[in-house]
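Only one chain is shown below, in structure tokens, and it's the form predicted on its own.
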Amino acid sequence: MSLVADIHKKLGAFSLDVALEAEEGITGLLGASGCGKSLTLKCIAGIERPDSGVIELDGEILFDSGKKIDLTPQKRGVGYLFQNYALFPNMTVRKNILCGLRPVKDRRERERELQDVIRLMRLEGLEDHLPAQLSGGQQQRAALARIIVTKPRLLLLDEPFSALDTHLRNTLKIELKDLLRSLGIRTLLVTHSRDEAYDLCTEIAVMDRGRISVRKPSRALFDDPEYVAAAVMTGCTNIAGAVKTGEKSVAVPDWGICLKTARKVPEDVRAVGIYARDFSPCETENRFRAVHCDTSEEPEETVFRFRFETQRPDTAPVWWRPGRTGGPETFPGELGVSPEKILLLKE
């Protein structure tokens, strides 16, 4: 069974036109700010009402504009974790979680489920704390506990790590991944972080200007993003317009070079992409003279920026990330890239 959403909504000049399916596991909605990711989640949860379309979960219709069906959020079996967690500020952790247990009438059963989720979310000793007394990670776990006790069929996570510092974000990402695996709840995760999407999600749908441009298993998406917007979201810094010149070759006018490709070049190719990590001074294919522009140091690697010797001077430098252990002390005069690493992109 799965989630199926085919919805349309207009907000001012912005149009949401989403066709999405989510199977078991964690599906990521990856996209830049303002592309419609959170609005899509709110429509699925019933917080926002689409202008038209259908939303179906495990064969049950949650929304159908044609049939005039629009279930309330409480009747959809969907749990929504907001960016700010939306805990009631004047209620303790215990009382916040009990809000999700209101349908359980038996007092002993309600208490048992409360204690079970407190242990699961490692909230022991924090039951009488107010949200303001909790760390960011503790607030997230309390908010998730309130959702989990409702036994949702679908969990919606809206930028769950955006309010956290880098160290805590990395720690909680691992914890959340393990938790969702153990619970087995189908999850839709909204993020603009390629690292979060790649690490957490079994499948990723890339959103661009209110539409899904491509949907693939995570690794397949990073290997072949297909579209310029998807390549940008997967972290490809080197993208330039391209023209097909042969079955497996393209010209890149801005760089003044022609590239051999491993894949057949489609007729509608509009650009090529090369991940910064994929250049090599040892690669003999697609090898060109390069002029060093500048170098910058990051915590875990060195970044070289260069221009091909034939590159137009008014175009942006190309990035090369050889990694801390794999990089040379000085910039080499030539760099190559394997044909297998050339991304062929559509608009």
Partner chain sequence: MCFFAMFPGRDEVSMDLYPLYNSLRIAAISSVLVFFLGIFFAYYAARLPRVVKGILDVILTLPMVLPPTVCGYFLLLIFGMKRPLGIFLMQFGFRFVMTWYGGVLASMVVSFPLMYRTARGAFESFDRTLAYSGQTLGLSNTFIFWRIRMPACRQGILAGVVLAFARGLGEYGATSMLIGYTPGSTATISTTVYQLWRTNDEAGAFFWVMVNLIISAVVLLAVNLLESRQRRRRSE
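Here the structure is a predicted model, which is why all the values come from computation and not from measurement. Residue numbers count along the first chain shown, from 1.
A second form of this protein, the form predicted together with the partner chain, is not displayed here; the remarks below concern that form.
- Shown here without its partner, the chain carries Val78, Asn90 and Thr150, all of which come within 4.5 Å of the partner chain in the predicted complex through at least one heavy atom.
- Contact annotation for Phe82: at least one heavy atom lies within 4.5 Å of the partner chain in the predicted complex.
- Contact between Ala45 and the partner chain in the predicted complex is found at the 4.5 Å heavy atom cutoff.
- Mapping the unseen interface onto this chain, Pro73 counts among the residues with a heavy atom inside 4.5 Å of the partner chain in the predicted complex.
- Put simply, Cys99 is close to the partner chain in the predicted complex: some heavy atom of it is within 4.5 Å.
- Contact with the partner chain in the predicted complex, judged by any heavy atom within 4.5 Å, is made by just one of Ala86, Val243, Leu183, Leu168: Ala86.
- Segments offered: 293-301, 63-71, 32-40, 45-53. Contacting the partner chain in the predicted complex at heavy atom distances within 4.5 Å is 45-53.
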